[in-house]
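Given next, in structure tokens, is a single chain: the form predicted on its own.
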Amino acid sequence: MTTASDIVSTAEAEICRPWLRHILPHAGWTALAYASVAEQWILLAHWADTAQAHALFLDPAALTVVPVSTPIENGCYPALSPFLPGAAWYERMIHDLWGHAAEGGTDARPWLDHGTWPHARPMATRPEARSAGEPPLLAGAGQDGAMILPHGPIWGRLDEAAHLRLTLDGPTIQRAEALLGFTHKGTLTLMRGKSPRAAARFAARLSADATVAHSVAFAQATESAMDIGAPPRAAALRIVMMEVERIAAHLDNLAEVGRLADAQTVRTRCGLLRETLLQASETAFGHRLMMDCVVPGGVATDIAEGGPEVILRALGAIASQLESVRRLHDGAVLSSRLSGLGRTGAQLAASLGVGGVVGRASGRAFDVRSLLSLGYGTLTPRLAVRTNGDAAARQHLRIFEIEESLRLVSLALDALPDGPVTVALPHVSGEGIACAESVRGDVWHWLRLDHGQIAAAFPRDPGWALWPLAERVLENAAADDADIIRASFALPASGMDL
């Protein structure tokens, strides 16, 4: 039997740093999809440009990232979704943006395009004008006579816009279906034709609570394409910012789950600690969320004078409260409410490529900080895994990860090297891929440069794996638990809306 590695190794390759991108004919593309299932390769991302469809795989046995492409012929390419169910959402996005049809795909419904864009297929060589007045697309209807419970897209708080339609059988969810795209920003079009420094602000605005992670992945993809590296001081400051962002977002999630579970002490305490950290971030880096602080070639500005001390004081305040937050989660109120809720199996999480807290709480030991050597060097992030796969396991992992991030930030600041924080970018052509570990999981960015300008780009947010998983997990759950399961998954929307 031909293995996935055999298929890739015999294909033509193009330079895409740090991994070669292999060009497969349609038959080889389909054969690779089939072989990847047997060998448990993970589909990390799937996207397109005007001429090719692309996919990014992870070979977990060799811990190797494998980019592959296949040509678009007569507007079509072979679908991956019959073999890899998680590819269906990507295929819908590809059709909305480029108009390429996934032959044999399992789901041809629109995803980002709700019928309100002035042009269909806006990323195509020739976008198609659309008449005004077409109604927006809603989620698919449930069974005849079934009760439909809609959630969103407006949630009454500062949550990201997303529509979740639940089909009920009495108090039980029979089917869950998500629809995103309400905050589509045209990111891929906005990036094209711009320098990486100018386009970095669009990467930073994909997802507010992962702005640093997206910025780092985009910057490192640019640096890979240009075959340059950021200065050591800039690399260390990126780590500080990523870990501070992780702590703040985990605290926000602990507070939100505490609110929904009627654990007001957890909500208040974690909310105050997050605010303390955001204020320290503004003092040290000039922005509460550290948006636009990371740029290709380094960081925009150095940490402020006295900034390390301000960050460390905020971390000390969090560390002093962390044990009490853990005890509250072990108490009767939260423990009984979260145990068994939204349980996720290891096989399902792995098949969809779910990383982050949700994946690790389900037994998938995947963290790109430690597995793919992202410049953490001797800091060596410690990886914790749970197997229960429920909301309680996810919350306990968040507390552990806060504790670990406290350690990493302290070590990084103690060893902060001297030197410049940015380098000049050459006007070269090239292609690069890079990743970063966000609070929700692995972020991936791909881009192609033409004499220093972006010819094509694609960012992969963890939401591409989390939403399909949430749809599956919500099936057979109690309708009253839908909100807390959604919060426990920390489901994003903006990063997928592109």
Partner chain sequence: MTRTPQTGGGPPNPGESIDPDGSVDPETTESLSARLEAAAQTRLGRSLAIRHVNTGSCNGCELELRALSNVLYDLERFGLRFVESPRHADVLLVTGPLTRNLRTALEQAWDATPDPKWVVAVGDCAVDGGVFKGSYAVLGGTGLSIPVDLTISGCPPPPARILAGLRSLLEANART
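Positions refer to the first chain, counted from 1. Remember, predicted model here, so these are calculated numbers, not experimental data.
Keep in mind the form predicted in complex with the partner chain is missing from the figure; the text below concerns it.
- Note that among 293-301, 359-367, 72-80, 118-126, the stretch whose heavy atoms approach the partner chain to within 4.5 Å in the model of the complex is 118-126.
- Against the partner chain in the model of the complex, the set 160, 283 and 494 is in full contact: each member has a heavy atom within 4.5 Å.
- Between the partner chain and the residues 333, 108, 428, 272, the one pair within 4.5 Å by heavy atoms in the model of the complex involves 272.
- None of 208, 148, 383, 416 but one reaches within 4.5 angstroms of the partner chain in the model of the complex through a heavy atom, and that residue is 208.
- Contact check for residue 279: a heavy atom falls within 4.5 Å of the partner chain in the model of the complex.
- Mapping the unseen interface onto this chain, residue 256 counts among the residues with a heavy atom inside 4.5 Å of the partner chain in the model of the complex.
- In the model of the complex, no heavy atom of residue 212 sits within 4.5 Å of the partner chain.
- At least one heavy atom of residue 287 is located within 4.5 Å of the partner chain in the model of the complex.
- Contacts of stretch 295-318 with the partner chain in the model of the complex, defined by any heavy atom lying within 4.5 Å, are made by 304, 305, 306, 309, 310, 313, 316, 317, listed in sequence order.
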